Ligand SMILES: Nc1ncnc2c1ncn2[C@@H]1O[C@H](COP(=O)(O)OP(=O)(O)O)[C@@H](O)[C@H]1O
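The chain below stands alone and is given as structure tokens, in the form predicted alone.
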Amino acid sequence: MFIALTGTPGCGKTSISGLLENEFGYRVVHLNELIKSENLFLEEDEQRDCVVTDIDVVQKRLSAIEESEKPVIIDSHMAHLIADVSIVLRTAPDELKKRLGERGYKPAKVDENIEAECLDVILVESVENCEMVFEVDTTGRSMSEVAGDVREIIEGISSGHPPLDKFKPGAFDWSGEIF
């Protein structure tokens, strides 16, 4: 089973997936790295500072990954377009802006991502594309705390008892914070 660990850039996907992989033994596909290293994109969009991905080619590539009893975690802001289950990491816009600034994102890229977070873009896409969707807030929390929530979700799914109510999507409304 593929489980998307997704969210707006800066929400903590890579940090959390690293903990899941290195401390808890989960198999993780770092999708953005895979796309770039295997040239699974159509073109580079220099204006938006990103690559335009061919999702069909990516899905075909992922189908070659051998699944096991443990789920495979896909780490990417577009993982929810591929997986059947999505864990959406969320971060309050003010904290997200700080994180993206620390990464050296250009102001236009910061604004684009803040707007996406405020408008629930990845959450909406997850609900449209996935059978199950969970939402976890990373705002003001340690990565180990967030990883604990993500593990609870994964273990619940694996045992057939997903914590649907505890991490129900739609808990955050940052639409009023759009600039």
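Everything numeric here is computed off the predicted structure, so don't read it as measured data. One-based numbering along the sequence shown.
Same protein, other form: the form predicted in complex with this ligand, not shown, and the subject of what follows.
Taking heavy atoms and a 4.5 Å cut-off, does Met143 contact this ligand in the predicted complex?
Although this ligand is absent here, Met143 would touch it in the predicted complex, with heavy atoms inside 4.5 Å.
Using a 4.5 angstroms cut-off on non-hydrogen atoms, would Asn113 count as touching this ligand in the predicted complex?
Looking in the predicted complex, residue contacts with this ligand do not include Asn113, since no heavy atom lies within 4.5 Å.
4.5 angstroms heavy atom contact with this ligand in the predicted complex for Ser126:
Heavy-atom contact with this ligand at 4.5 Å: absent for Ser126.
Is Lys109 close to this ligand in the predicted complex, meaning a heavy atom pair under 4.5 Å apart or at it?
No, Lys109 stays farther than 4.5 Å from this ligand in the predicted complex.
Enumerate the residues of 1 to 24 that have a non-hydrogen atom within 4.5 Å of this ligand in the predicted complex, in sequence order, or give none.
Stretch hits, in order: Thr8, Pro9, Gly10, Cys11, Gly12, Lys13, Thr14, Ser15, Ile16.
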